[in-house]
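One chain follows as structure tokens, the form predicted on its own.
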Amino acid sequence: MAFSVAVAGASGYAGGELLRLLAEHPEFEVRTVTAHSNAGQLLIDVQPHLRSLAHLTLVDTSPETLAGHDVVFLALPHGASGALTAHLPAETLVVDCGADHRLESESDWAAFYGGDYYGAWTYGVPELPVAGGTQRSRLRGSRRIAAPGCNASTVALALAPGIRAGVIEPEDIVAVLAVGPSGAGKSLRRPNLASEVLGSANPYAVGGGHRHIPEIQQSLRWAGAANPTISFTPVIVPMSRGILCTATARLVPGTSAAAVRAAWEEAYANEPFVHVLPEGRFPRTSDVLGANTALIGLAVDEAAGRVVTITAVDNLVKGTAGAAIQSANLSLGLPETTGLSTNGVAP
């Protein structure tokens, strides 16, 4: 018997990607889709690529419309989920793709987001290396899951193996990410207009102001870093979706290149969706388009004494919707790969 599913925020990019994946999931049945300004419209008129869900109509987002489902996915702006989730039954599996439940530190929430703090839920990155294992063990059976920020999980997956293995220093981490504008959502804002993005690369949140910074630091602390510090700079580039993350960290003195590679390969050896590429190989964003896959290339810059990681993900799949569904699978006792693919789309 299929699990009944509601998706809130179904008219946005993250909501649309959730529905694209859920439509092919053999154990989930999408029964309700909600929106705000688009409520009352047919889903197919707002998400014309979702042909198999053409029978659904967007309804208002409220606790009443979301109640009564086995699983609720929330794809709402930050600050909009917390007030809803308090009214949903404890036995309902709720997966929040927004930021409201990601941070354990209320002071971090106040500093980077502001507004009401709703508490932390189980973090939805199953493969994340943490002290004693992976985040996967914390997700099994959890009924409240916070899907990750796409930039944050990409950086964390890129560096956590080295932190946990003690081969890189947790201070002086530098990450620069080329990101597609779909990560900013569908709202019409000048920096994301085609005329501003096409033919240009545009940095934003420069100088430590990006909201994903405390989320990255939190993940690295779980991996064993006492006080991780990171310089994080995202750059919007003209591709509709995707992240290419270049993250570097200082080598622990005396660490060999072989020990570095062993740390990453051992961390992800049995992971279905996170793959370390052979020595000398580095990923492209086109390699993961449409897939729930993170590809990591690894090198040691001997002259600089730094590890360099290059990580590619699809921000809407592995960065958001795919991570949410993978985590939901684990919560419900399903094989975590159910409904998800490692294969991308090319060309």
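Everything numeric here is computed off the predicted structure, so don't read it as measured data. Note that residue numbering begins at 1 and tracks the sequence as displayed.
The next section is about a form of this same protein that is not shown, the form predicted in complex with another copy of the chain.
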query	finding
Contact residue in the predicted bound form, from Val30, Leu66, Leu295, Ala35 (heavy atom within 4.5 Å of another copy of the chain)	Leu295
Heavy atom within 4.5 Å of another copy of the chain in the predicted bound form - the one residue of Ala120, Leu139, Met239, Ala165 that qualifies	Met239
4.5 Å heavy atom contact, Arg250 and another copy of the chain in the predicted bound form	yes
His87 within 4.5 Å of another copy of the chain in the predicted bound form, heavy atoms	no
4.5 angstroms heavy atom contact with another copy of the chain in the predicted bound form for Ser52	yes
4.5 Å heavy atom contact, Ser105 and another copy of the chain in the predicted bound form	no
Option from 157-165, 198-206, 261-269, 131-139 whose residues, in the predicted bound form, bring a heavy atom within 4.5 Å of another copy of the chain	198-206
Another copy of the chain in the predicted bound form: contacted by all of Asp96, Ile145 and Leu334, heavy atom 4.5 Å	no
Residues of stretch 253-287 in contact with another copy of the chain in the predicted bound form (4.5 Å, non-hydrogen atom)	His275, Leu277, Arg281, Phe282, Pro283, Arg284, Thr285, Ser286, Asp287
